[in-house]
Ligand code: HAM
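Only one chain is given next, in structure tokens, and it is the form predicted alone.
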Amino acid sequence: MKFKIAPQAPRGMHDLLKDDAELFLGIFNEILKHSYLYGFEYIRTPIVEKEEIFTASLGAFTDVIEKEMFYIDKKEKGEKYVLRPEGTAAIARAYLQNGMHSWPQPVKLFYFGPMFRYERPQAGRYREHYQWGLEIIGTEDPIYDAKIIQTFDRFLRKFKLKDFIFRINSIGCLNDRNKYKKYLKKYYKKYLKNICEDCKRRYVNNPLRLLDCKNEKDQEIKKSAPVIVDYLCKQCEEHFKKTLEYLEELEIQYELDPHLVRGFDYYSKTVFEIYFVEKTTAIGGGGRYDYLIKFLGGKQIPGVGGAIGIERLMDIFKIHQIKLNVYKKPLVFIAYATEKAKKYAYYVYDLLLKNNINVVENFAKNSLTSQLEYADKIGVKYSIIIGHYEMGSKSVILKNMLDKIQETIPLANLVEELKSRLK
């Protein structure tokens, strides 16, 4: 029986090739160096997690839980498994499971990996997308709210990027939010016939998320809604004030967004998003989550973090024509003149690689002419040519591909000679 295979990636997922792949790896390389420089330690969590990790922490009435979870078909002992939709809840689970409370506090972690959302694919939104995340767990000091923002800000500025802003707000503690929700529902009650169907459900189940609606008509209604900073307790008000003072001390550009709430229930106090003038959607965001670990069954341990979407960051890099080169273009090509010389050419090729000389080959081509044509196309500086004579004399022909001058070099001197010429 023959099966017809559709050679396409799943909807909302995509391949990375050539320049895009190079940019992705370049960003990853810079993220590793930058995260370690700012004191964060790498953590990797599984792509698959128990469903309850997210239902308990993100909120049962968030879009992610209601609409966007990728479920694994098989169950194990009644447990439901999902592809992780975000990174923070998984980090909190790892913190509890691995006894990180016994580590020196605060614990500073970073991650880089794929997240999965079953949402409608569109520009800047993929069902599989990568995130770089930062988490600081074990302190409620507002200086660490500022540190998360600082780390992202300094990374972007490293590439001379300037046209971005941190939109920031405080959504207070649970008591503040409960008090604020009453006034928010009172305001929206007179607009119940006008708001979208999603917001009608949010009004009943999760009124704070009314402020997170992207519907244009609802955005207009939101403009006159009461603001949560007017309902902060003294402690939350002081926390927010100190966070902003630290940002000002570091000369980080921010603007207050009194209706910014973010989409997950675990957030408290500081929330922020990162916007570029060229984009209508945020490239990243985050905030404080002092109740998250308690939601997952632990003690109340404060934390703060954030994440940047790599695909959205790549779009910004492309707009600003920022290129990051991880792959170094080879400058040396190795060719053979006869089938008998092929084994010796392979030996020389391996010798150069063992000495960290970036050399390229095309052993699939048998003709010396076609091999050298290939070398010309990829733009190498030198070609090493090996024939019957070179095999016997333990030497090679070194050809300068620019001026076409050839010379014979003993194999014993080849590595030193190439390193000298390629400086």
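The shown structure was predicted, so the numbers you read here are calculated from the model rather than taken from an experiment. From 1 onward, residues are counted along the sequence shown.
Separately, the form predicted together with the named molecule exists; it is not shown, and the next lines address it.
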item	value
Non-hydrogen atom contact Phe295 with the named molecule in the predicted complex at 4.5 angstroms	no
Contact of Asp141 with the named molecule in the predicted complex (heavy atom, 4.5 Å)	no
Contact flag, Gly309 vs the named molecule in the predicted complex, heavy atom cut 4.5 Å	yes
Touches the named molecule in the predicted complex: Phe264 (any heavy atom, 4.5 Å)	yes
Segment that reaches the named molecule in the predicted complex - one of 236-244, 110-118, 166-174, 211-219, heavy atoms within 4.5 Å	110-118
Candidate from Ile149, Ala92, Ile228, Ile283 lying within 4.5 Å of the named molecule in the predicted complex - any heavy atom	Ile283
Site check Glu86, Tyr126 and Gln131: each within 4.5 Å of the named molecule in the predicted complex by heavy atom	yes
Sequence-ordered list of residues in 159-196 near the named molecule in the predicted complex, where near means a heavy atom within 4.5 Å	none
